[in-house]
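Quick heads-up: it's one chain on its own, the form predicted on its own, in structure tokens.
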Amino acid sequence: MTNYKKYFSFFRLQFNMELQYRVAAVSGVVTQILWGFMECLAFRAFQESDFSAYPMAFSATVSYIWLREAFLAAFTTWNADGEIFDSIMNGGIAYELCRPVSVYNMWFSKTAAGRIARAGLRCIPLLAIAFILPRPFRLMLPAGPQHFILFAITLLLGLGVTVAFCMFTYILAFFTISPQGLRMIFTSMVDFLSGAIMPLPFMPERVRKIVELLPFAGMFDVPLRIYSGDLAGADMLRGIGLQCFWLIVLVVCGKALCRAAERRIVVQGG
């Protein structure tokens, strides 16, 4: 219980700190609404130009876009915690190692808190606007109660996978001179393979089948497609199973890598 309270304190402090940035959240909502609407128009044009090649119902595509924009701050990797990278690069990590806590667990709780807070500030106004837009650009209701429940569960699992993947980025910074290259590679990879740029069903079938086995699909694609009913039955169960699998693998491997980094770390200076 004591350990739980320590990490919950880190979570609460980071969460409260992120809630202060309300003006940034308002500007982010405006930007994301305009971007989301432009994406809806682009996919609408694609559907009308070649309906036979369109792989999803347009209403499911629209829901995918609006939900992705609503929870973008929780699942993207370009907004990784710069303070953690700075502490590794400037030697501040020495103070973290002196604390009677697990560095991995502390960073995990802080990263999760920051993402939940940023997404929470943006998702409510964005979803409220998306629900009142005219058809066919309106966010549809969930395909059913069970889809909404599974959407909520997979959204939390997706957040866990995203945070666990970000932890790899932080820890690998111990082994590099600068983390900028890693951040650029991982950000591009996640954006393209998770559905942050386009829904995965729009990829060629052979490529999509491979991408759906990777951890990135569990970040965005699985929960958003479950919401609209585009992912159902055996495919849905497989997606949830892969989310659980990758969450466990990333956390276990991340903790092992973190312990290895802590053993070899050298902080120069006084």
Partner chain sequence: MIIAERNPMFAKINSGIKLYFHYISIVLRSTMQYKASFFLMVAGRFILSFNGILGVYFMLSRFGQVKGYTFGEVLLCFSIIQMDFALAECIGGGFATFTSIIRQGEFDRILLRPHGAILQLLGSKFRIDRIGLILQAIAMFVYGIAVSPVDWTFGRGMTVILMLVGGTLLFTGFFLLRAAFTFFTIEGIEAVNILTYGAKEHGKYPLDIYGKRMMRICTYILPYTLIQYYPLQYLLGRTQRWYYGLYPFGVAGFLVICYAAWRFGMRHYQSAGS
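In this text the structure is predicted, and so the values were computed from the model without any measurement. Positions refer to the first chain, counted from 1.
If you look for the form predicted together with its partner chain, you will not find it shown, but the lines that follow are about it.
Although the partner is absent here, residue 128 is not a contact residue: none of its heavy atoms lies within 4.5 angstroms of its partner chain in the predicted complex. Using a 4.5 Å cutoff between non-hydrogen atoms, residue 252 does not count as a contact of its partner chain in the predicted complex.
The closest heavy atom approach of residue 192 to its partner chain in the predicted complex falls within 4.5 Å.
In the predicted complex, at least one heavy atom of residue 197 sits within 4.5 Å of a heavy atom of its partner chain. Per the 4.5 Å heavy atom criterion, its partner chain in the predicted complex is contacted by stretch 181-189, the sole one of 166-174, 108-116, 149-157, 181-189. Counting a residue when any of its non-hydrogen atoms is within 4.5 Å of its partner chain in the predicted complex, the hits in 197-211 run 197, 198, 201, 202, 203, 204, 207.
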